[in-house]
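To begin, one chain is listed below as C-alpha cells, in the form predicted on its own.
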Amino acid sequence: MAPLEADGARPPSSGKRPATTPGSLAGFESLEQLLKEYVPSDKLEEALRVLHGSKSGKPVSELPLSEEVLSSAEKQDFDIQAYQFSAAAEQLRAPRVVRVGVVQNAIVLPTTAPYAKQRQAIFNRVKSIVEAAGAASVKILCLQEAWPMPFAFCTREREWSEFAESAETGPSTRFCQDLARKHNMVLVSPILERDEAHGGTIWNTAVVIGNNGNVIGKHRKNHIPRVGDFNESTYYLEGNTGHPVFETAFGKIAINICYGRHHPLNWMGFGLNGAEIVFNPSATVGELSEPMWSVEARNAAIANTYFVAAINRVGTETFPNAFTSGDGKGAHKDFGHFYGSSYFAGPDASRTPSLSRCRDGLMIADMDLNLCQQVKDKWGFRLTARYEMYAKLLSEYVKPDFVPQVIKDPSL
C-alpha cells in the first residue's frame, strides 16, 4: 500500500498493468499513466495543458479524498479519481459547488449465467462503488448505459429483452431509490425500459431519481445507432421525450444517451433548455469510436457552456451464440473491448484525466456551476449565435423539395 501524502490522500497507483491485460494501452490503464511514465514532469505539464486544457494556466486540480474512500477503492479493486473545477469568485453570487460522480463497470458473471444472477451480481458490484461515492459526499451520480445487464444488443436475440423493466417501479429503480435516500444523492439510472402502458414497448431510458428517493422523471435515447455490431434497433427505436432538463436539489441536469453524442444539435437541445451538467452514459468499443471519445464530450461542453460527464462501460462481453455485423465481419461472439476511460469536461475547455481502460471506476469532481455563466459572459456564444438563421435553414432542409444553397463557379 502506497504511503499517504501530507494532505492525507493516497497518491495514485502507477497504472501499470501487464501488457497482456485486455484493454490496457501498451500495458497502462490510461493514456495519462503512459505519459506520466515516459515524459519528464516539466514537459508532461505542458503536454497535458494542450491535451486537457487548463484553468488559469494549470491542469484541473486533484481533489483530496478521505482514507476511508481510498481504502475502499483499493480493497475492492476499482479505479478512483477526483478533481475540482473552480470558478472565479463573484461579488454578488456565492459559489455553487456540487460534487458529481460517474461509475463505469464491467459485468460480473458470464453471459451464460441465469439472468437473475447476472443482474444481482451487477447490483452487488455497483452498490459497493455507489457506497464509496456516498462516503465521498457525491450529490449527483450517473451510472453507465444499460448498467444492470450485458450490452447484448449486438446479438439480435430477443431473449435479452427479459432485462427490460418499468422505469418507475422496476428492480433497478427500487435499488437506486434506496441508495439515493441513504446518501441524499440524485442518481441517474440508465436501463432497458419496458413501457407497459404502450403494449410492452422497449426503450433505452435514463431514470432520474431524486435525493429523497423519488422518481423525478425519465429520458429516452434520441438517436439509435445502425453501425457495426450495434444492432439496437432490433430492440428499441428513437425516443419520444425531447430534450428534458431535470431541476434537482443540486443543479439542472440532462442525459444525452450514448449515440446522441455524435449529434451536435442533440447536445444543443439540452443546452437551450438550461442544462448545467449533461451526462453521456455510453457503451462503446475501441475499434469503432475511440478516436472520437476524448473529443466529443469536450466539444459539447465548450459549444454549449455546460459541464459534460462522459461515461463508458469497461471489459469484453462474450455471448453464447455468434452474430454478424453490418460491416462485413465474420461471425463472432463479442463486441470488442469496452474501453472505459470515463471523464469530465468543463465549459472552459478544461477536462479531467480518464478513468482506467480496463477496470471498474468511480470519477468524482467538484463543479462550481457558476463557471457556466462566467464562460457564457466571456465568450458570448449565445449572444452571437444566429438561431433564427439556423431555424430557417432547418425548416427548409426538412422539406422534400429542399435545394442546397450552392454557388457554382461559372467557369466550370
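When you see a residue number, it is the position in the sequence shown, counting from 1. The structure displayed is predicted, hence computed values, not measured ones.
We do not show the form predicted in complex with another copy of the chain, though everything after this point is about it.
This chain is displayed alone, yet in the predicted bound form one of G134, G170, G315, G286 has a heavy atom within 4.5 Å of another copy of the chain; that residue is G286.
Three-residue candidate spot Y115, S282 and A322; no residue lies within 4.5 angstroms of another copy of the chain in the predicted bound form by any non-hydrogen atom. Proximity to another copy of the chain in the predicted bound form, taken as heavy atoms within 4.5 Å, picks out 207-215 from the listed stretches 89-97, 116-124, 207-215, 154-162. None of the heavy atoms of P64 is located within 4.5 Å of another copy of the chain in the predicted bound form. Although the partner is absent here, G199 sits far enough away that none of its heavy atoms falls within 4.5 Å of another copy of the chain in the predicted bound form. Under a 4.5 angstroms non-hydrogen atom cutoff, another copy of the chain in the predicted bound form has E247 among its neighbouring residues. Within 4.5 Å of some heavy atom of another copy of the chain in the predicted bound form lies at least one heavy atom of N299. Scanning 244-268 for heavy atoms within 4.5 Å of another copy of the chain in the predicted bound form gives P244, V245, F246, E247, T248, A249, Y259, H262, H263, P264, L265, N266, M268 in sequence order.
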